[in-house]
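Only one chain is included here, represented as structure tokens and corresponding to the form predicted on its own.
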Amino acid sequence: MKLIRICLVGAGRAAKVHAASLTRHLPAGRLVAIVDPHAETLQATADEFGVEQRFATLEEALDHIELDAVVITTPTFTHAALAVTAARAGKHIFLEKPMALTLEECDAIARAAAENHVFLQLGFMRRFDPDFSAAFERIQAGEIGQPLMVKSLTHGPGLPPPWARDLKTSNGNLAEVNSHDWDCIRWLMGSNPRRVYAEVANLKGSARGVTTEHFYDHALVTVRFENGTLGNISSICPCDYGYDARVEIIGEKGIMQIGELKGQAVVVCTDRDHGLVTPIFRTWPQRFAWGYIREMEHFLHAIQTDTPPKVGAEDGRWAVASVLAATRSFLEERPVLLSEVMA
């Protein structure tokens, strides 16, 4: 099959994860260029993965090299312009979450992709993680009956970068940390969210010098779905103890749990005082290593077979809409219907 030529837009942490997938695990794709306006970051990442073609802007890359697709990993407030530029150039798009800042931007991205006949895949890697995808299949098979309640948590170890703390440039932690939770609960429940209520708290920020308006590091969200079922999202960042992503689904006939705190199936006991000790997941690339590989494999396969990716613009838009509703909820201290932000 045709080799897919990829341009990576962004050279930070998420970019390195996708670069590793493309250069070490997926022979169907070739990483031909990297784009980043920060020269030092660009050089370091390009050197690490042996990529010779380096550009400060996507426009420069499009003017100078032949490519089939772009992988966008830049901050959220840049997504719309970059994705639209790529679509108008006829390039398929893999877009990291969150899809964009606003629903208008989501719609502009989706419209550009459709008008230019290119695929758009959102970076919801949990759908491709072996544990999560197996759980979804077992739910679809009716193993626990109709899901009635889903609870998802993502607790991240580190303080988000300054741009990700600001509602004006990121929509906050409920977007940057918990976009996967929003997508996951909707996917596993098989229903769109109807109403959300969010409580947030800034419990660690002041001690770490964070002065950003409306910053929060803890959040609890309650969701009612269109089919009448319930959901819950727990968000902590920074949690300090490690990376933690788990889901519980209660169904008519039983319960299903996905993920665990342990990072390895290794337990050590050296004395009675310290008890049992086991490693934990320290980072999100470690926890979802296979999810990231498999989602990129799916993107390449979609292009090669001319088959639309199974996670796209609609899924990204619902996650953004859910975040916007939850943000309005905690700012106005009330439950918010999704119809209020999607009107």
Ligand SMILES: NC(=O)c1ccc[n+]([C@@H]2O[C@H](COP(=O)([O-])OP(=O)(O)OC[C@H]3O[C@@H](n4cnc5c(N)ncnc54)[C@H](O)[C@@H]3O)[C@@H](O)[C@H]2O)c1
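From 1 onward, residues are counted along the sequence shown. Everything quoted here is computed from the prediction, not taken from an experiment.
Separately, the form predicted together with the ligand exists; it is not shown, and the next lines address it.
The contact residue chosen from 217, 129, 181, 176 relative to the ligand in the predicted complex is 176, the criterion being a non-hydrogen atom within 4.5 angstroms. The contact with the ligand in the predicted complex, taken as any heavy atom within 4.5 Å, belongs to 98 out of 147, 193, 98, 156.
At least one heavy atom of residue 14 is located within 4.5 Å of the ligand in the predicted complex. For the chain shown alone, residue 82 is a contact residue for the ligand in the predicted complex, at least one non-hydrogen atom being within 4.5 angstroms. At a distance threshold of 4.5 angstroms between non-hydrogen atoms, residue 311 is out of contact with the ligand in the predicted complex. Although the partner is absent here, residue 161 lies within 4.5 Å of the ligand in the predicted complex, judged by heavy atoms.
The stretch from 232-240, 147-155, 129-137, 73-81 that comes within 4.5 Å of the ligand in the predicted complex, counting heavy atoms only, is 73-81. Three-residue candidate spot 19, 50 and 291; no residue lies within 4.5 angstroms of the ligand in the predicted complex by any non-hydrogen atom. Residues of 36-59 placing a heavy atom within 4.5 Å of the ligand in the predicted complex, in sequence order: 36, 37, 38, 41.
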